[in-house]
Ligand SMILES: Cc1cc2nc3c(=O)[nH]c(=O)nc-3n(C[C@H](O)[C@H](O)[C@H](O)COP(=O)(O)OP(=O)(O)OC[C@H]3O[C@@H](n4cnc5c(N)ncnc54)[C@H](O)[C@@H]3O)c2cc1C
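Presented below, as structure tokens, is a lone chain in the form predicted on its own.
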């Protein structure tokens, strides 16, 4: 597609995670033209952050998130879906189903938002400085960078434990898991191997108060069991939940109090011909890979029926 060119398709999908790619596959299977807009340089979304074997996706054995993402991208392209990577959507005009991107405006007969989630921030002093100094990193994206580093992993759920374990096995010098509760919330299959790693330590009942940057090092200022403590580290990884990426339609479509897109069982939003698929419209307790894929099929089928 030429930059600045206005292109119409039956379906425009924003986001190339498992939900967006699944919508594209089903839409093409149902005879619809579809273009997927993805801000990143790779398709896959959160799948790219799941390097461990997937054990709970029916019919898929011993593959990883990135491997599944590659298969889905291959399927989508093979069936004729257009994937436009590094195409950031700047704003959306929901009523006209138009996406204004950094390469021009694109309009669809139907618009599907599959923009997923972003990590929730702690909201404490110094957190923005961590990002500005490049001290917030993703283990799945650059595991080699962490070799020999001291890393604070903040959170106590499955994602925190899984990434702490990944860091330990990638050669991090020390991994300190900081959690505000006296016990972890992670399931046993994550917690048990984590506790067996010699370079992992747990700081429970610990509340992060602020961050201080000194050169290439950060200090995590904690309140642990009522006492102040300073923890010097080389990097911070935070896993305290997520927030839905619904900023593009804020003020245009109905959202829940938590910011999730309100949709019907078929993914229909409050704006005609605008749909949601995946985590953007699914509360945390119901989020799953297989749920996102199934929901995407329902969305594509409803669009096909409405466009007949």
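Positions refer to the first chain, counted from 1. All values reported here derive from a predicted model rather than from experimental measurement.
Below: the form predicted together with the named molecule, not depicted.
The named molecule is not drawn, but in the model of the complex it has no heavy atom within 4.5 Å of residue 11. Looking at residue 114, you'd find a heavy atom of it within 4.5 angstroms of the named molecule in the model of the complex. Shown alone here, residue 56 lies within 4.5 Å of the named molecule in the model of the complex, counting heavy atoms only. Contact between residue 270 and the named molecule in the model of the complex is not found at the 4.5 Å heavy atom cutoff.
Screening 24-32, 42-50, 262-270, 60-68 for residues having heavy atoms within 4.5 Å of the named molecule in the model of the complex returns a single hit, 42-50.
Counting a residue when any of its non-hydrogen atoms is within 4.5 Å of the named molecule in the model of the complex, the hits in 8-45 run 14, 15, 16, 17, 18, 19, 20, 37, 38, 39, 40, 44, 45.
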